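The chain below stands alone, shown as structure tokens; this is the form predicted on its own.
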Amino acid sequence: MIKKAKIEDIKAIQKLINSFASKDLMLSRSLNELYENLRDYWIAEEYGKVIGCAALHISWDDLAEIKSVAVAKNKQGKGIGRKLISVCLTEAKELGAKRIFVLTYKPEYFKKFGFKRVKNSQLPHKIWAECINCCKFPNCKEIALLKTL
């Protein structure tokens, strides 16, 4: 089941995200950041356990970001990530976003959803505020992709 995250889900979301971050597959998220952005997060749940997550964050004017897409290793390949991204895209449209971007180490995955690679410089400077505080800045290898809704 896909649903909005609740406070009680945050520690499980962090554990899931940081399990991938420890392998340099995505960026880690602190508990503080997750609690502050709780309303951005969707989860996939099975038998009361968080098995996937994704966040939709409004960045600027008509621009939104999908971030922190993660699915438990033993649940991958079952369409859970696709459902999480789809619900984020739907929510972005409902909120009035016209463009949505991702910063990812796995661009091929997002290209399946119609995202196209863009130069990082094509995204507004506003989105880089989070990057400045990242331990990988300024040597991050994330790739920017954009989709028009």
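Heads up: residue numbers just count along the shown sequence, starting at 1. Remember, predicted model here, so these are calculated numbers, not experimental data.
There is another form of the same protein, the form predicted together with a small molecule; it is not shown, and what comes next is about it.
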Q) Tell me, which of L123, V87, L63, I80 has a heavy atom within 4.5 angstroms of the small molecule in the model of the complex? A) I80
**Q.** Listed residue that, although the small molecule is not shown, lies within 4.5 Å of it in the model of the complex (heavy atoms), from K49, K112, R39, K93
**A.** K112
Q | Proximity of M26 to the small molecule in the model of the complex, heavy atoms at 4.5 Å | A | yes
**Q.** 4.5 angstroms heavy atom contact with the small molecule in the model of the complex for K106
**A.** yes
Q. Heavy atom to heavy atom, is A70 within 4.5 Å of the small molecule in the model of the complex?
A. yes
Q) Can you pick the stretch from 55 to 63, 112 to 120, 93 to 101, 30 to 38 whose heavy atoms fall within 4.5 Å of the small molecule in the model of the complex? A) 112 to 120
